[in-house]
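Presented below, as structure tokens, is a lone chain in the form predicted on its own.
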């Protein structure tokens, strides 16, 4: 057993593990961060999956939640080489019909007014929905991106909550045009739930609000540049990182007053089954994971030839057709079935970041949702969906790399069954993830905390789960 003592040890170096380690180290504590792989980052890694010189993000690619994170914004990460690139159009959702170069499309672009104008007759409905949220976000974000608590602005939070806790299907009734409804459907589908579920509107509202305030940026060089900047800042503060060190038992850790685990419930149960109370163990066993993903990376000899000019200027493309089509595909997946026309998320980083591919070449990144644990190859249906709105796409493919749901889990055990969100975002466990306790970050063992995306506010590269867990540990043990 290692003999060096620390005030705190953090296991796992995803965005939340790094955030927890930084938060603790900023308090003047001595912190060790332990990572099983040879590099830090969790889902924030970039690899040459296809051909030399083509850099593909392994998991996270576009990062509105990173620039929208109050914790990340408090750090001087630009001093450590982190540079975000904001595409002129945050997200585009093409529809069938129209003519090449003038196809129908829903756009998240610029501020509220820009997007409202692009939506034509739904512009006023869009203004009524988003102006109050966007204008109130500076005081609202701390309420939304925190565990359940007594709100400082109850009326403002109640107004947001009335909209956010509704289903996307209900919220879509505010709009008349297919473009506005489709735009909402793609945003809500990030919840990885059927769109008739209560609470699916919340994901859409948060992502679109952050898009209006900060854009939907991508990190120059790759997602690993976020991890590298966070790691460098942590070490400048005096923190210590140990890689290539897989922890299978808490007894492998050095003595520490606090242990924070960037792990989801399944890993907690396997890591220290004797440490948890019977009630806590039962709650961890009952924790529900959500849909998985099937992911494809492409090396291309030219950009994706979207019919829509707007899609050629967007960092993110939501592909799936109308609201009804997206809702049907997500409902099928939620039932454990495979859709022949799935909802597909596409990122085209190399359009804006020339470091991602050799000169004149390009990369593309995409995934669709699948039932948890699914190993069926979805390459053809994903490419069919892209080809639907970008005829000639397949002709531009030089090489591809795929990862099914179980390969995603093998790469990162926190992605149980391919669930990249760390657990289902169903309303029934949204505020109690991973267990019903006075603080969701405390485990049943004194001095041991969970800081992963299985805690509030949930999945995404924002570090807020790690920040809140570390803050809880500091209050409990070090003040």
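It should be emphasised that the depicted structure is a prediction, and the values quoted were computed from it without experimental measurement. Residue numbers count along the first chain shown, from 1.
One more form of this protein, predicted in complex with a small molecule, exists but is not displayed; see below.
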Going by a heavy atom distance of 4.5 Å, is residue 70 a contact of the small molecule in the predicted complex? no
Might residue 36 be said to contact the small molecule in the predicted complex, defining contact as any heavy atom within 4.5 Å? yes
Consider residue 181 of the chain shown here, and say whether it contacts the small molecule in the predicted complex, taking contact as heavy atoms within 4.5 Å. no
Tell me, yes or no, whether residue 423 is in contact with the small molecule in the predicted complex, where a contact means a heavy atom of each within 4.5 Å. no
Counting only non-hydrogen atoms and a 4.5 Å threshold, tell me whether 11, 58 and 415 all contact the small molecule in the predicted complex. yes
So which of 195, 299, 408, 259 reaches within 4.5 angstroms of the small molecule in the predicted complex, heavy atom to heavy atom? 408
Name the single residue among 62, 31, 435, 450 that comes within 4.5 Å of the small molecule in the predicted complex, judging by heavy atoms. 62
Could you tell me which stretch in 116 to 124, 130 to 138, 164 to 172, 239 to 247 has residues with non-hydrogen atoms within 4.5 Å of the small molecule in the predicted complex? 239 to 247
